[in-house]
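Here you get one chain, nothing else, as structure tokens; it is the form predicted on its own.
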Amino acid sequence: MKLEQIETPAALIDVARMQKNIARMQACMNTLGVAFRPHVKTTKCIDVVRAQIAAGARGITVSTLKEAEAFFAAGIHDILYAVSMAPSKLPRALALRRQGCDLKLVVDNPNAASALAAFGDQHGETFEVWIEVDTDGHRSGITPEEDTLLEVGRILHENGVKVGGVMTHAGSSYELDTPAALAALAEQERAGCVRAAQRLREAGIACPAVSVGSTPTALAAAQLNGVTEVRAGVYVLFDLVMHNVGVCALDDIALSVLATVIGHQADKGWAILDAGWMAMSRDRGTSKQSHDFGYGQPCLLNGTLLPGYVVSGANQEHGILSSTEAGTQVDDIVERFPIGMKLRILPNHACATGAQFPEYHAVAPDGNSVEWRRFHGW
């Protein structure tokens, strides 16, 4: 199917860009001498993940048990569920394990560790559990020097639970925008996670895996001594937030939303699109960065950027395209963007925008596309 034939709004993946992004990250990990476990929450798409595995990825990271179930059903066994385990979800995790899934769970507090150990004992299951480490104060985890780290490790170890490793995520990297700052945070992330593993090992608790990662720190790391694997997700498609962070160019962004011009407000200098926040998502991550892209950066159908224009506003099903340059004649918007014209809009946050659609249209270099399904739910 050609782009002109696709109903709008629709999510497009530029396959050539995607493959280039996959190759870049895998080459970086190979050079650093670590395994790569991509975070599949960005796309939730088996076609994309097969491309990542074909390039050399070992296992996957998920953020929901629905993802774990769907990807296991598709033939992927080595899965890290990288969200602290809620006791109420343990029966689903048990079901996956008993079907043959090498599912690894995560905890970051003594109560969750105790509940998991008790559940495993009750059902005769030896779970593999990784401990989440906080290396930048961004979200969850136990800091490397906290007593709680060893407390959680002992609860698991002494109750027959396999402590498979430690993992961390330097989410604060999204707030940075210089190579030096990113490199410094990558080293902080590495050192903190390696230190946590060292403390557990010194306490007699095996800790084979040391897992770190975010797209910015993965691409900025100078060395990863002591790390066994890296996780990253958004790199496969990239987005405007990552462009502002400084880890990709605009023409590296593989995800866009296909939209149609459906009207004008000429006196305001607006072209109205059929892609509002239900298509682009409400994510306004670039509003806090050096360059605010509104709800997205418009491009021509062939991917050529339209500098000086932005999707400046969005209602549920209406997007507002306007000029960012002072002195633009209001009539220019009508002439440049006629009714029925189709555009591609680069998103702020690939994970959030992708989540608005049940499928992607994977666009080949010749302009033809095929449909790739994506998973929904928790």
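Keep in mind the model is a prediction, meaning the values are calculated, not measured. In this text, residue numbers run from 1 along the sequence as written.
The form predicted in complex with a further copy of the same chain exists for this protein as well; it is not shown, and the discussion that follows is about that form.
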query: Contact residue in the predicted bound form, chosen from Arg195, Arg201, Arg154, His138 - any heavy atom within 4.5 Å of a further copy of the same chain; finding: His138
query: In the predicted bound form, the one of Val49, Met29, Ile320, Ala70 near a further copy of the same chain [non-hydrogen atom within 4.5 angstroms]; finding: Ile320
query: Proximity of Ile272 to a further copy of the same chain in the predicted bound form, heavy atoms at 4.5 Å; finding: yes
query: 4.5 angstroms heavy atom contact with a further copy of the same chain in the predicted bound form for Glu7; finding: yes
query: Contact flag, Val83 vs a further copy of the same chain in the predicted bound form, heavy atom cut 4.5 Å; finding: yes
query: a further copy of the same chain contact in the predicted bound form: Ala279, any heavy atom under 4.5 Å; finding: yes
query: Residue stretch of 262-270, 70-78, 211-219, 179-187 approaching a further copy of the same chain in the predicted bound form, non-hydrogen atom distance within 4.5 Å; finding: 262-270
query: Triple contact flag Met18, His361 and Trp372 to a further copy of the same chain in the predicted bound form, non-hydrogen atom at 4.5 angstroms; finding: no
query: Sequence-ordered residues of 32-64 touching a further copy of the same chain in the predicted bound form, heavy atom within 4.5 Å; finding: Lys41, Lys44, Ser63, Thr64
